[in-house]
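So this first bit is one chain, no partners, the form predicted alone, shown in structure tokens.
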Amino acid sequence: MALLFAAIAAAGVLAWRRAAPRVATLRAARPDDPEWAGAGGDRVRRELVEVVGQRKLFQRLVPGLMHAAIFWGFVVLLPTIVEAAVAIVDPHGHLPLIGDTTWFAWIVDVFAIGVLAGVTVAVWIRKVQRPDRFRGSHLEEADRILLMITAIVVSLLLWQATRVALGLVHVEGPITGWLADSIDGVSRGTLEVAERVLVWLHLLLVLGFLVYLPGSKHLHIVTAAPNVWLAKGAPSGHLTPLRIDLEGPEEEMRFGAGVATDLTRKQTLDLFSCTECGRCQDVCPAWTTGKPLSPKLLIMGLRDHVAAAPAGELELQPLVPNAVTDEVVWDCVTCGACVRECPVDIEHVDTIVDLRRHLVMAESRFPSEAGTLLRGVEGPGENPWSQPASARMDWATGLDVRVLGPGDPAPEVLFWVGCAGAFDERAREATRSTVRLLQAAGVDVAVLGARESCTGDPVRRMGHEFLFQTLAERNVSTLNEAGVTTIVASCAHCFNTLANEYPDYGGRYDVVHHSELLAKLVREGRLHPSRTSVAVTYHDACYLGRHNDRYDAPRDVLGAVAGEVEEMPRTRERSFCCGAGGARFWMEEGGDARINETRYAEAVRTGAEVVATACPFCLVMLDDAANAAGAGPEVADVATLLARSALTDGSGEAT
């Protein structure tokens, strides 16, 4: 027994020595807002669905089954570790209640074989299939872990078989029974020695695994559950507000994440939870078009930088460019595909935006071409197009649109036009169509006109949180003073900001996307589209679909106009970005291919005649790709297509 306690104590000390630096790093990190992760019931549901149920892993069936077999197997086999410790003290000993029972013996055998099958599939995936998503991962470490798991499970089965053969237990599972039969004839003395060797070998392998764990990527076995517990409860498009009070104490002023101690505990736990599975890398628009950004490598880079610090002493060298390069930080389109794919709820986008916040606000460091965006929004017109506020209503020329003035009664619906919808020539058609349709359906609609300014979405995703805060507070003040209760937005980015982020600044409205309102008006019979036989495919805007779970309304509108939608291979929650998000709309693009052209080519392969969108930024990006291609399907907003169908006066122009 003394030797057993010594082994356990030694393993505990060694494991703690490896874990201590990471625990110290977590303790030094900034605390998170406890309400950010949502209500307790929601957190429990996430644990059950994502940790116990392995939901995100099952998005890829074979790797999902592989991981589930190993995960569930280890959970079920945990009592056998205690049983081995008991058996070391007393070879006849077993666990109370479940030890020496037939049902548990069968469960142990079945799940042990499940683990071995999972390991076999994992080896096949890594050594034979070799998917690109593992590029950059520490594959040698994964090999060592798989070898240790195999050794633990095989030693368990062999030990149990010797116990059966020696009559130390009175029940047997199908595998241990078969193994026991196969060693029939071996002398009892040899079996007794083998039983002692195997039980010690099994326990020492388990203890060795526990010692190895804290310094390896397989620490996710411990950190995944708390990381899911702390994950964002709000829609993924809702960024954590960073309140900046220029009149407040200087020591409380914070401008994003510049060094390791600027990261929050959730962001730090993200680093220690990465499994290096590469699912995020596989869906990243930047990585798949040949750019340096890989969400996986970004997290690994930050983790290695943080973990390199001595125990309890965080290295205060800047995270950018020491952990990740500037180019990596600026390649992100904030589409959220990585976050959605991650099985342990790592929130890459929030961390990237926090890195940008520091670069922009503390160092004035950003791609030079993005300066146009900032100058425009900071200018008198308060829009990225640098247009005067007086030009905000130019799109409405020839239309009778009510402009809400100070003191006017609030309309039933306020149409938030957005900067793209107001100033971009191609997006204006969708803006005009939306207003015409609402008026035709008898909706009391008005716009703010020159009193509307940028919502702040692009400058916030670029990292200028103070400018966003200024715009948000001013827009909320305008909307509240006007008594607005319901807002319709045709821009997915404006929709996300108004619905999810303005409540942090006192603006609480019923915000609907124009596709939702138009679909409702069609259902209620207030609009009467004529269905045509044109083949249409639909591109899901990230800030409408993946970030806010709005997938059906645009398709409902298209269904009323053109019947069935030809879906692209990457659609709905797994849609591929157009490349405009994260303020990338205003930046130059490198890499092997342009994101918008990659997406447009995918749309072309459906054979559709029209590529429908529900966001002006997607519209412009895909239209640019269509122009670059020279020929191909037209790109049009769902409102434009509905107006052509429901309002056509015979001239081809919406009336």
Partner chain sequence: MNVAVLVKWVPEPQGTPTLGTDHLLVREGADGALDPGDEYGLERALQLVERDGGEVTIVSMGPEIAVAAVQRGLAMGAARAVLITDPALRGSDTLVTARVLAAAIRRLGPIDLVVAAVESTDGYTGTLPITLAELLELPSVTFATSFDVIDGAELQAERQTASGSEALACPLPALVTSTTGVAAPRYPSLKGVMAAKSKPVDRPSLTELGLVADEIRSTQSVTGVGTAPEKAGGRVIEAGPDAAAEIADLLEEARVI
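Residue numbers count along the first chain shown, from 1. Note that the structure is a prediction, hence the values are computed from the model and not measured.
The next section is about a form of this same protein that is not shown, the form predicted in complex with the partner chain.
Contact check for residue 378: a heavy atom falls within 4.5 Å of the partner chain in the predicted complex.
Although the partner is absent here, residue 104 lies well away from the partner chain in the predicted complex, with no heavy atom inside 4.5 Å. Not displayed here, the partner chain is approached by residue 250 to within 4.5 Å at the level of heavy atoms in the predicted complex. Residue contact with the partner chain in the predicted complex: residue 246 places a heavy atom within 4.5 Å of it. Contact check for 259, 269 and 303: none of the three has a heavy atom within 4.5 Å of the partner chain in the predicted complex. Of the candidates 423, 585, 366, 416, 366 is the one whose heavy atoms come within 4.5 Å of the partner chain in the predicted complex; the others do not. The contact with the partner chain in the predicted complex, taken as any heavy atom within 4.5 Å, belongs to 464 out of 464, 546, 555, 202. In summary, the region of this chain contacting the partner chain in the predicted complex, judged by heavy atoms within 4.5 Å and restricted to 250 to 258, 193 to 201, 506 to 514, 396 to 404, corresponds to 250 to 258. Counting a residue when any of its non-hydrogen atoms is within 4.5 Å of the partner chain in the predicted complex, the hits in 382 to 411 run 386, 387, 388.
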